[in-house]
Structure formats: structure tokens, C-alpha cells
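Shown here is one chain on its own, the form predicted alone, set out as C-alpha cells.
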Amino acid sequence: MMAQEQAGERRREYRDKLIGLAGAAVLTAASFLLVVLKPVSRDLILAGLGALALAQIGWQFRFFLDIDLRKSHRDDLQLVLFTGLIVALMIGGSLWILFNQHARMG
């Protein structure tokens, strides 16, 4: 019975990884096509690329890092969100200092 459960779990993980791979490939292809074909204006392309990048991040979290909104994975999600907050604060603070210095020199 235990071996069947483990086999079922492996099949489910394998299926999730394949779905993740296919979705990531589709999102990546959509980004490339958006840039190569240029179907809309430049501003809309940038907005589309941003949206596709956010979708790609969510997809990677869900299917490759196994982080989702289930209660058992919330600690991992909080860790990732806190790390993102710290990185955003570091980048934002650095940009703020650089633009402030640029304004004082100009």
C-alpha cells in the first residue's frame, strides 16, 4: 500500500513538473513573440512583458518551487515574500540615493 502511495505521489510530481515546463515554455515563447512581432505599441509591449514576467514568476513558484497558497506551504511563501521585500528595499534605496546625487550634481 505504501509503495502505491509513493508511486502515485511521484506520478503527480512528474505531471506537475511537465505542466510547469510546458507553461514556462509557452510564457517564454509569448514574450519572444511579443518582442519580435511587435503587434502593438511600445508601451503596451513593455506592459505585456511585465505581465508575462509576473506570470512566469508565479508559475515558477507554483510548479518548480512547490510554493502555493496551501496552509502547509505558507511558511515558504512568507520567506519568499520577505526576501522579495528586502531586495526591493535595497534596489529602491540604491536608486533613490543615485537619483538624489544626480539631482544635486546637476
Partner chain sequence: MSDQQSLHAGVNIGRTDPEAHEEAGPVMFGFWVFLMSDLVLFALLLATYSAMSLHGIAGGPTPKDVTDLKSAGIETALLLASSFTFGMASLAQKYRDDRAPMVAWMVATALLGIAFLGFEARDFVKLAEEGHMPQRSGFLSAHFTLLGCHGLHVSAGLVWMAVLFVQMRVPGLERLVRLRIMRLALFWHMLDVVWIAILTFVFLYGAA
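Each form is matched to the other, and the largest set of C-alpha atoms that superpose within 1.5 Å is called the rigid core. In this text the structure is predicted, and so the values were computed from the model without any measurement. Residue numbers count along the first chain shown, from 1.
The following text describes the form predicted in complex with the partner chain, which does not appear among the structures shown.
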Check your understanding: Counting only non-hydrogen atoms and a 4.5 angstroms cut-off, does L69 reach the partner chain in the predicted bound form?
Key -> no
Check your understanding: Might V40 be said to contact the partner chain in the predicted bound form, defining contact as any heavy atom within 4.5 Å?
Key -> no
Review point. So in the predicted bound form, does R104 come within 4.5 Å of the partner chain, heavy atom to heavy atom?
Key: no
Review point. Hey, which residues along 4-41 are within 4.5 angstroms of the partner chain in the predicted bound form, non-hydrogen atoms only?
Key: E5, Q6, E9, R10, E13, Y14, K17, L18, L21, A24, T28, S31, F32, V35, V36, K38
Point to revise | Residue shift check between this form and the one not shown, rigid core fit, V87 Cα at least 2 Å | key: yes
Check your understanding: Taking the rigid core as the frame, does I97 move its C-alpha by 2 Å or more between this form and the one not shown?
Key -> yes
